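Heads up, the chain below is alone and in the form predicted alone; it's given as structure tokens.
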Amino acid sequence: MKFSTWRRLALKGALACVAAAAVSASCLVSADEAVLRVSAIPDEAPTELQRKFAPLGKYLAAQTGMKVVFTPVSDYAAVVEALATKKIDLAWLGGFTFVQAKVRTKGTAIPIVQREEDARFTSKFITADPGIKSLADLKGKTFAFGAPSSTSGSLMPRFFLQQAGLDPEKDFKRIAYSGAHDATAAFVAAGKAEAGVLNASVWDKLVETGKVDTDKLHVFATTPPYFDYNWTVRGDLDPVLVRKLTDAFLKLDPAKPEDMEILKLQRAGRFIPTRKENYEGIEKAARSAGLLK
């Protein structure tokens, strides 16, 4: 079975299990209990996203007095559509996904906070081939991006490759899309592509947890920094609730053990305010690449 086929089947199975758990949780909510509906782009396995969100969900419930229900989705576009059709209230988005949500909601989606790290985010180019030492060495090689709508796994790496004089469609032997950052690392490690790109945060986590063999897989280039992930609310959400959510994120204090657990799972030093203007560079890159109309 091809790696990409196995990945899709595994993802569907995991999503079914996690979605079932989310439905079961939502069935426990009484008719009069206010519910905050949350989702996230599937840039990692759905079970991992659920694990990372659990303590944050409990914290947001305590801060807002609402029942918090997290629902995983199968792809990036589903988060944008759910936000635009008011099926979710709060979403963890990448920079490009936010731009897509902004366009889809006619500018009403509001980014409220980002991790401090997201103001200077980067992507890592990785390989197991000792002969690849720079971006120029990628000519004629097979290459793996993450999901097509991923800021750090596709859009911005493409932008910087083009700035380096490389056109992936013309200069690479073959392009694959793994679907998620952790899958890209697995793809390259398994020899399904000679090189690939993933976000710095996931790469660091894979290294820290020993899920990649750095004697075999290594970083050979890093992009310049750009704005990336944020928490976004739908534009017509009650302003009082938006303020509560914003304050809740900003109050998370790494000096407090209970807050540190949440921040560590989110791979955040702390959260800071953000605004739509921070993502204008990503929007320009997307329009330049023909990914936005």
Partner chain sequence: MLLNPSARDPAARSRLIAALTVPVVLWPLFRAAEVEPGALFDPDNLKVIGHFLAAFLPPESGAEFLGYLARATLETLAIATAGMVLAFLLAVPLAYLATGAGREQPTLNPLTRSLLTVLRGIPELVWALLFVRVFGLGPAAGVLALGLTYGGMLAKVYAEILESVDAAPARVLRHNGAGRPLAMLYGLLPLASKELASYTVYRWECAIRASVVMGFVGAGGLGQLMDQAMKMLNGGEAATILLTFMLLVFSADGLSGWLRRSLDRPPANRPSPFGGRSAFFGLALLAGAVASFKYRDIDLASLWRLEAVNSIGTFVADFFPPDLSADWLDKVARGVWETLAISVVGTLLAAVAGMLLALPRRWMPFTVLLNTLRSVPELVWATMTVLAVGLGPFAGALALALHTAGVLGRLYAEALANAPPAAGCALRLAGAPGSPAFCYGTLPGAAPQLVAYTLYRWEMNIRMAAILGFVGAGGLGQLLYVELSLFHQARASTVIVAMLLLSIAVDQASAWLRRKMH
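Positions refer to the first chain, counted from 1. Everything numeric in this text was worked out from a predicted model, so none of it was measured.
Just so it is clear, the following notes concern the form predicted together with the partner chain, a form of the same protein that is not shown.
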_Contact residue in the model of the complex, chosen from R104, H218, K133, K139 - any heavy atom within 4.5 Å of the partner chain_ = R104
*So which of L161, A200, A82, A128 gets a non-hydrogen atom within 4.5 Å of the partner chain in the model of the complex?*
A82
_Heavy atom contact within 4.5 Å of the partner chain in the model of the complex, the stretch among 107 to 115, 218 to 226, 187 to 195, 120 to 128_ = 187 to 195
_Complete contact of A34, G57 and T64 with the partner chain in the model of the complex (any heavy atom, 4.5 Å)_ = no
*Hey, in the model of the complex, is V207 touching the partner chain, heavy atoms inside 4.5 Å?*
no
*With heavy atoms only and a cut-off of 4.5 Å, decide whether D171 touches the partner chain in the model of the complex.*
no
*Please check if A183 has a heavy atom lying within 4.5 Å of any heavy atom of the partner chain in the model of the complex.*
yes
*Closest heavy atom of W92 to the partner chain in the model of the complex, within 4.5 Å or not?*
no
*asked:* Only counting heavy atoms and a 4.5 Å limit, does any residue of 116 to 153 reach the partner chain in the model of the complex, and if so which ones?
replied: P148, S149
